[in-house]
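Below sits a lone chain in structure tokens, taken as the form predicted on its own.
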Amino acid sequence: MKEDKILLGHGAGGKLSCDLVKEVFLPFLDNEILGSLDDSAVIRTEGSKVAFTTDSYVVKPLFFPGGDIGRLSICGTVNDLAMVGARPVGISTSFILEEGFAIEDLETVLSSIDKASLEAGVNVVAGDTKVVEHGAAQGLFITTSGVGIVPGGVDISGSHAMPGDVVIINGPIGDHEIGILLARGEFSLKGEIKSDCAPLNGLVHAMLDACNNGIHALRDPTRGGLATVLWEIANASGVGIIVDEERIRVREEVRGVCDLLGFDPYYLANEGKLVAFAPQDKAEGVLEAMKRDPLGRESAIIGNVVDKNQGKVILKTRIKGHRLLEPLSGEQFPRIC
């Protein structure tokens, strides 16, 4: 790494985050399970496969259109488990509370956690609470861990995309990050954009049922956005990916904010979207199953996996040109998560 100190960009989910993990963390902690760098670890034990994940939530503001830090923490954890095909069985939550934080706001967050857990069909089964001095935690930080069971026959990883696979997404991109940006009020912009924050485990299980567990790779494009996730999978799988700009939906409100402020929607964070890689002969069945689910009604096939241009993602633009999608470098916005 060129930097000798941690930058905010190291937490943005892009190239700096990748460098931090591979060049600082992995030399000390690498092992067969961690080295896969999937959204969840898959641990084989006594003939079963157990998925385990952990994440921290430092979103600002804590409350935003479409959710809050409580809903975000549950959905994010459930979705990380779902991205390896696991069915969640339990979540732990750890709260770091700043001195002076309003009890009423904490109860609102806890209510959101309860509702999101019910929606996802999983219980919070353990937890911890710490209180720090005023000014040390922006009000509230939450860390969660989740455990799930991977059904037999399911073998999903970001390194399993194959030439001939079809790339599918379950709806428009960018709603979450732009919704939070507008909620901050920092750019004097107003809009009705809501975060897409939602638990995706039900959608994933419907997809797996539709193709007899045939999905090769799944990833939710959170920090770093769609472009970064596609780049990660292309590199992990040693394949090329070609996606079509005309098939990737961006809401007009989101595109308008991007045009005004010079942001790129392909690098916007999402919290209710997934990208799936499925064999060509199973893609239509997967797509039909997705469209029957409320979280997949706007699903679309957006591209293909090819055996050339390994490690590269090519975007076919509306003007019939080609653009190379590389991982996010630094940050587009002030840190939101």
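For clarity, every value in this text was computed on a predicted model and none was experimentally measured. Heads up: residue numbers just count along the shown sequence, starting at 1.
Although not depicted, the form predicted together with a further copy of the same chain is the subject of the following passage.
Segments offered: 159-167, 130-138, 197-205, 245-253. Contacting a further copy of the same chain in the predicted bound form at heavy atom distances within 4.5 Å is 130-138. Of the candidates 155, 209, 264, 114, 114 is the one whose heavy atoms come within 4.5 Å of a further copy of the same chain in the predicted bound form; the others do not.
Between a further copy of the same chain and the residues 258, 183, 96, 236, the one pair within 4.5 Å by heavy atoms in the predicted bound form involves 96. Taking the partner from the other structure, a further copy of the same chain in the predicted bound form has a heavy atom within 4.5 Å of a heavy atom of residue 123.
Shown alone here, residue 91 lies within 4.5 Å of a further copy of the same chain in the predicted bound form, counting heavy atoms only. In the predicted bound form, a further copy of the same chain stays beyond 4.5 Å of every heavy atom belonging to residue 293. Looking at residue 58, you'd find a heavy atom of it within 4.5 angstroms of a further copy of the same chain in the predicted bound form. By the 4.5 Å heavy atom rule, the three marked residues 3, 53 and 149 all count as contacting a further copy of the same chain in the predicted bound form. Contacts of stretch 6-41 with a further copy of the same chain in the predicted bound form, defined by any heavy atom lying within 4.5 Å, are made by 6, 7, 8, 10, 11, 20, 24, 25, 28, 29, 31, 33, 34, 41, listed in sequence order.
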